[in-house]
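First, one chain by itself: the form predicted alone, in structure tokens.
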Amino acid sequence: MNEQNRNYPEGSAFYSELRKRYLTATIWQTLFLSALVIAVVSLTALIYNVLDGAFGYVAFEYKNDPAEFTPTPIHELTKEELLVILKEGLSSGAYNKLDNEQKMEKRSQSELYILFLERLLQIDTKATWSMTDSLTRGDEIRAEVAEKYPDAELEFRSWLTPQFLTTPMSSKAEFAGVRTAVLGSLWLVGIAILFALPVGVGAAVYLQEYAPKNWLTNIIQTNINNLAGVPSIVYGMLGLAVFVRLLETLTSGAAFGVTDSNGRTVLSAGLTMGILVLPLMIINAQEAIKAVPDSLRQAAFGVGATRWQTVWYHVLPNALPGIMTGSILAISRTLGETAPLIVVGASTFISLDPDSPFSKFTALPIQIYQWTTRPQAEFHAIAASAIIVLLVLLLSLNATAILLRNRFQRRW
């Protein structure tokens, strides 16, 4: 007994050792808390930086006087008045082109108003300011506008508006929107899910439930894990070689009678993104299947169920929450990827919505990249607004994953 007690401090030595242990625990707790604080501050700075660019003062002029078209204040114009003004102000060719794209009578009042501003009044933006400057230097900004741009109007503008979400791309930042880019991103996600989800779950089921545990299976498993870390640009090169060039007849739609397209379509991009997230889906599905208690399998075998019946009626239903959660989180990666889409052939300027898998396309990350490369400050402002839209889509997917997990999760 005395021999054992010699390994433990006693008296003052015991309390000294205890204080050291508490000090060590406090230091590590402080480090962990600091890491959390840094993460929260970084995310807050990111969000504030985006919001700072999406709102603020704008100084602008109309190249043409509104009084030349109507004595009524332009903000009070009705849909019928806007139709008359556009028909009289636009050339017959320009009006007929717009009418062929979409009947003018069927357009909303806001759409007609935007056409009036863009085609007839022609807004000329003189300067923009960030939200921070607009809130802290309001008097200085008004004085600067009065001195430099005496004929300009100054207004506090939110670049993120309903019209921004429902308007296609435009060469003028004041009238550009993200509708085409959002639809392109949704097409990409849809095609990627249709390809990667069944293939990924099927591969995971085979590797986890059927494949023998030998050297070949270990090699395959190791390579799947390695593929999850391959840079996305490599998948873009693969998509360019396989889907855009080798399978051009299929991905361009030529095999189905489409004649006005090539291999650089939303189908090629969607399949490329599907391959990109396929390793992640396989790994996530495997982990979800592993989490199913082995007692369920043994019970099913015990009552005479085949392996397939066990997998289909017991393993997959219980692994479904994990599979769906992991798949949605993997698919959300496709919304933020840019490099593979550039390689495969995403357009940087396109105003036509994708209406089939064989359409030309763009995506939100591509649109944001294209706008941020412009020198005009107003394009940077709409890029910040597009980032907010992208973040909302990503958060919506993540929230869906959490709801699905909570809805189907079972406690063992």
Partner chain sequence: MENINYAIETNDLSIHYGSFTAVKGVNMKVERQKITAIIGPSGCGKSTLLRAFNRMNDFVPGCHVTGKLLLDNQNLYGKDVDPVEVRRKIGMVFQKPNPFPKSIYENIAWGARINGFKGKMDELVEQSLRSAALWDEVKDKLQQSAYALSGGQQQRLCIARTIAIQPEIILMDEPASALDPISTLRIEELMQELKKNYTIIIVTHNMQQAARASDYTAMMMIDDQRAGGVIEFDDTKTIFTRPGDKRTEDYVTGRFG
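Numbering follows the first chain given and starts at 1. Just so it is clear, the structure is predicted and the values come from calculations on it, not from any experiment.
There is another form of this protein, the form predicted together with the partner chain, and it is not shown here; the text below is about that form.
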- prompt: Taking the shortest heavy atom distance, is residue 296 within 4.5 Å of the partner chain in the predicted complex?
  reply: yes
field: Partner proximity in the predicted complex: residue 305 to the partner chain, non-hydrogen atom cutoff 4.5 Å
entry: yes
- prompt: Quick one: is residue 325 in contact with the partner chain in the predicted complex, heavy atoms, 4.5 Å cut-off?
  reply: no
The partner chain contact at residue 318 in the predicted complex, heavy atom, 4.5 Å: yes
query: Exactly one stretch in 297 to 305, 264 to 272, 84 to 92, 153 to 161 has heavy atoms within 4.5 Å of the partner chain in the predicted complex; which is it?
result: 297 to 305
- prompt: Among the candidate residues 290, 314, 142, 79, which is the single one with a non-hydrogen atom no more than 4.5 Å from the partner chain in the predicted complex?
  reply: 314
- prompt: Which of 132, 166, 309, 109 has a heavy atom within 4.5 Å of the partner chain in the predicted complex?
  reply: 309
